[in-house]
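Structure 1 and structure 2 below are the same protein chain in two forms, each given by itself as structure tokens.
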Structure 1
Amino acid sequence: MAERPEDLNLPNAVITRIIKEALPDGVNISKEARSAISRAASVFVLYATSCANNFAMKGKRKTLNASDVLSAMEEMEFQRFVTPLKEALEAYRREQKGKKEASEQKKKDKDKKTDSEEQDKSRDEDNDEDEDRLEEEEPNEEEEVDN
């Protein structure tokens, strides 16, 4: 756990970016207001985490999961955020599944390429051995012709 309350604050750069994205162009925000929003956001995250942790503990788990966070939002009376959070979670899961499938496909393609290269190398080695045998046999044929 953090030793000082300041350690629990979210990074200023992140807060500033979120604020700029939320406000219309040309609207400025004072340092005091940015600091207040930052502290409020940090308190919100801590409270949501604490509520989600309570749901995990009720389930006799030490790991928070998405359903704990969604349940915490409802308990905190932020029901209007539950649907957008579920949609974002589904989008995240689809993205992760796509990345996993792409990674597996890339690995399969790499394995196929490696197998193909090994087969080519084996064929080349076989051809080299055949050529060596032929070269060894050729002088013998010439000797027979000379005799």
Structure 2
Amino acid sequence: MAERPEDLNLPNAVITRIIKEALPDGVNISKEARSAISRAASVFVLYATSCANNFAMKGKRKTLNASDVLSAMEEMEFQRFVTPLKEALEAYRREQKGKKEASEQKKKDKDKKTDSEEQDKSRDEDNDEDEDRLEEEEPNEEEEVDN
């Protein structure tokens, strides 16, 4: 089953939603016009990819990055997209950073939980040093039991 680039369409529902939100209320769109816009969007992505790839190759890089795409937009005469795209990119980076911090925080909380369980055993003594001693003593107790 050979996949041709023309067959790679973006989901119709999302395209329709974007169109409807861009236009005033009460305006409709025919099925032919909608599918033509969908295909146009795919062609746009392919063309932008090709342009961005040229910039990447100029920079002797094999991986397309965000600035390649932004340069491609200017090359394609879509300068008006550059500012909103930069803002979207910053928001995306903040979100990615937030996700990373959230997962790191979860890991920290997990470690904290393990520590607090050991603290509960030695609640009578509030001394930190004693807690350390207790941790060392536990394995010793096990050894005594084995004997």
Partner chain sequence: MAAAAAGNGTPREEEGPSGEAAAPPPQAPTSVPGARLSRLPLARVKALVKADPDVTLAGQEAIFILARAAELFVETIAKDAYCCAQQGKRKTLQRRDLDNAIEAVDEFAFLEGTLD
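Please read all numbers here as calculations on a predicted model, not as lab measurements. Residue numbering: sequential along structure 1, first residue numbered 1. Between two forms, the rigid core is defined as the largest C-alpha subset superposing within 1.5 Å.
Form assignment for the chain places structure 2 as the one matching the criterion, namely the form predicted together with its partner chain.
Gly26: CA moves 2 Å or more between structure 1 and structure 2 after rigid-core fitting. For Val14, the CA shift between structure 1 and structure 2 after superposing the rigid core equals 3.0 Å.
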